[in-house]
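Next up: a single chain in structure tokens, the form predicted on its own.
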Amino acid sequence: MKQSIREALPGLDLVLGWEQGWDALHATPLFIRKAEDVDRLILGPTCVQSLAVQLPSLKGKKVGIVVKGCDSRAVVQLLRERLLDRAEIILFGFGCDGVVSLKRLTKVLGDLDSVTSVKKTDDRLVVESPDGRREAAFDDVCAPKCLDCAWPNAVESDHFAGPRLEPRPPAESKTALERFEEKSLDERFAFWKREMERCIRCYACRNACPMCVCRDKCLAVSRNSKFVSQEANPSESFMFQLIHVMHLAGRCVSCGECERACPMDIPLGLLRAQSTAVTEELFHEQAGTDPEAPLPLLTFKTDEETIEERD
């Protein structure tokens, strides 16, 4: 990967990757502009952020980006919507076997201050600190999206490093959405009502979303919005989330960034999974897998095979 970036760098304005943050558990975005910057690049289970969120603001520059499978789907979807120019993007892909959820890891291992080393074996995550060595089953501490990931490899790349990985079998017999839909409608509504009581309307979910590209015109921050007010209460927060979900219908690439970024630990990925499942069932296609595929919600057909018309 590093050699590919060094060779391509003279023709690029910058390359987006990850470097180690303030400790071994935290990776942070790396902006590679010089050959010596390449040595700081890291790949591993702590590279959790989707760097694709940076790309719309870099339009007009020649940009390289390091992508795992879910990140590459965001780039492909942005290309599909003509929000990026393929000639301006160089993709450095690799196979990802899962990233860590710091929230889940903290619940399993407790205090995680002063971590000096993080290593992933086949099915374990080993964390070392001055207090000693601790480990956990990776399925218990990985990001929820990784438990049934069908896209471990970059779906599109100009350079690919390392072996291509097989999609992992689902860790559980039912997805979180399938388990949630077993509840009654009243139970589901009560669940989201409780969750929205914790929402502080910080918009971290929106800001981390690589597909949320109209932030400067977002109705959620408009003083004259007719749909949702600035008040931070459960009903207005739920309305904002539903608007965000509808904006992502047919576009969400299930990267899980909304849920990762939420400081209140609200399971926002579950809310988006519902609309994703509906659009996939109706149109038999997944967002972010084909840059040339027509956009389902912008394509008119006289007869839709999967939509039953009313008489």
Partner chain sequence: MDTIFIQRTDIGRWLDRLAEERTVFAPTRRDGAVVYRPYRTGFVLELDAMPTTSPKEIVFPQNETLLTYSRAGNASGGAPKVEARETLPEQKAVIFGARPCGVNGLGVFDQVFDNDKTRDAYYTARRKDTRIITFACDRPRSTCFCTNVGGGPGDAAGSDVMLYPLGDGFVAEAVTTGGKAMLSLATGAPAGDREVAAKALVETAREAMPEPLELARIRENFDKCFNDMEFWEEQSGKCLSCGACAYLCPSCHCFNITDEGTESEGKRLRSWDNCMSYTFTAEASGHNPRAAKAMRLRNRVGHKFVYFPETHEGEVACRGCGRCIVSCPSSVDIRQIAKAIQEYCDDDK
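All of these numbers come straight from a predicted model, not from anything done at the bench. Residue numbers count along the first chain shown, from 1.
The same protein has a further form, the form predicted together with its partner chain, not shown here; the description that follows concerns it.
Listed stretches are 117-125, 222-230, 84-92, 145-153; the contact stretch with its partner chain in the model of the complex is 222-230, by a heavy atom cutoff of 4.5 Å. For the options 243, 63, 270, 261, the residue carrying a heavy atom within 4.5 angstroms of its partner chain in the model of the complex is 261.
The listed set 138, 160, 192, 203 contains one residue whose heavy atoms approach its partner chain in the model of the complex to within 4.5 Å, identified as 203.
Residue 274 falls outside the set of residues with a heavy atom inside 4.5 Å of its partner chain in the model of the complex. Though the partner is left out of this view, residue 53 does reach within 4.5 Å of its partner chain in the model of the complex, counting heavy atoms only.
None of the heavy atoms of residue 186 is located within 4.5 Å of its partner chain in the model of the complex. The closest heavy atom approach of residue 113 to its partner chain in the model of the complex falls within 4.5 Å. Residues 7, 166 and 211 are none of them found to lie within 4.5 Å of its partner chain in the model of the complex, as judged by heavy atom distances.
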